[in-house]
Structures are given as C-alpha cells and as structure tokens.
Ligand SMILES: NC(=O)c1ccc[n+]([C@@H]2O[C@H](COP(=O)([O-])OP(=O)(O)OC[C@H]3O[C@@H](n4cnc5c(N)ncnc54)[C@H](OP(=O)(O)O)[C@@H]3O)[C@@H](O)[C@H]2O)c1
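What follows is a single chain, given as structure tokens, in the form predicted on its own.
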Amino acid sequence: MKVTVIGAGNMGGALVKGWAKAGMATCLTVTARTQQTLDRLKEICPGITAMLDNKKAVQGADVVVLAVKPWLVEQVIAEITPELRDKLLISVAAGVRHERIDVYAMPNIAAEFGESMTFVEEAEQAETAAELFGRVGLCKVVPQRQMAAGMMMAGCGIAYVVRFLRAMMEGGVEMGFYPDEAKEIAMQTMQGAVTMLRETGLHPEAAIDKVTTPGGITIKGLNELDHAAFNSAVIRCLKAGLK
C-alpha cells in the first residue's frame, strides 16, 4: 500500500514518523510547504519520499491522507482532484466536511510512537483506513455521532492527561523533589497505572481499592479530589468541545 501524506505539521509529521517506524518508510510520500521541513523529516525517516508538489505526490499513491490545516482542505482538494481517481482519500482535519473525502479519521500525535488512539468514521472503506491507522496504535471504527467525542477523549485528551501530569509534577516539587525527578516519578506512576489496568483488565475503581487502605493516606488524597469536584471537572472538560 503506497501512502501519500499531504502536510507535515504536528499531525502529518507524527503519522509519517509512526508509519516509518512500523516499516512503511519506502511506501511513504510526504509533502510540506517548505523544503526545510521535508529535509528534517527525511533525516528522521530514511527511505521516505518527500516533495513540495502535492499533485505529483498523489500520482503514485493508493491512499492519500490529508493532514493540512482545516482552512486549507478545500484548496488542497481542488489542487489534487485531477489525480485522485481510484485513490482512497482520508482526512484527519478536524471538523471539515467535503464530498470528495472518502473517510474521516481522528488520530492523535502519539502516532509517532505507535501509541495513537484513532477514531475512523463508519464509511465504505473504513476498514482499509482502520488497518492503516492500526499500524500506529489502537483504532476504533465509530458512527459519525461519536467522532467529536472521540476527538475530545483521545485527540484533545493528550493535552488533558499531560496537564494532570504537570499538576503531579508541581506537587512533587512542592514536596521537595527537583522538577526532573518529579516529572520522572509522575510519568512512571501513570505508566504503571495504565499497564496494570491493561494487563489485569481491572475496572479503574477496583484498581483504586487495591491501594486505598481504610483509614490510610490514599483515601485522604482521593477525598481532596472529590472536594475539588475532580471527576466533574474532567467530564466538563471533555464535553466543553461539544458545545
């Protein structure tokens, strides 16, 4: 499968790097607005093809992934339409609809490390898209009505999770750790929690019970989160982008 990625910004670049690490480098073509961006990406991902010409880049592809800014989608589609015959066009531009787009997908920037949580909207060729995005993480095919929620949980969710880590880090510094130490501790703790849930299949509440001793210190911290309406704040955060 030959894939052309149009746009090498945060999302397009992450996808190219992730697919290259997954062994697809020689099947990848990427475009960008500047040669400097392309040179940097080629250095990171040996074997990819990089060029400034969108139309030329699309010609030899089986799949075209549109990873440009939302306001550029129509302009780029108009430019490449003559070359799109018999090609699958996937868009990862949030919130933009166009009749020529075959499949809408919403990966996140962890695709660079093979850890994206990607949502693919139900469509005739959704399974082909899901197989492609499955090479850079987990992928779910969902109805259109769930795409926005998926974006909030997994796309925007990267920022929300990192904000929580930053708060843990700041708390660690207040308690006496150096910033780098606090960052390492917070990241390893979160990684350990996620690994435990993944490996055991435990419900998060059951995992909480494992470290919450009656009368102990964990319950005191959990109660402080409840007093601060932590759960409600997270839910409101996720729903804010749906308004």
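None of these values were measured; they are calculated from a predicted model. All residue numbers are counted from 1 along the displayed sequence.
Another form, the form predicted in complex with the named molecule, is not on view; read the next lines as being about it.
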Segment that reaches the named molecule in the predicted complex - one of 93-101, 118-126, 131-139, 163-171, heavy atoms within 4.5 Å:
93-101
Would you kindly say which of Lys56, Lys69, His203, Lys210 lies with a heavy atom within 4.5 Å of the named molecule in the predicted complex?
Lys69
Would Thr37 count as touching the named molecule in the predicted complex under a 4.5 Å heavy atom rule?
yes
Contact test in the predicted complex: Met106 vs the named molecule, heavy atoms, 4.5 Å:
yes
Could you confirm whether Val76 comes within 4.5 Å of the named molecule in the predicted complex, counting heavy atoms only?
yes
Is there a heavy atom of Ile48 no more than 4.5 Å from a heavy atom of the named molecule in the predicted complex?
no
Checked 1-17 against the named molecule in the predicted complex; residues with a heavy atom within 4.5 Å, sequence order, are Ile6, Gly7, Ala8, Gly9, Asn10, Met11, Gly12
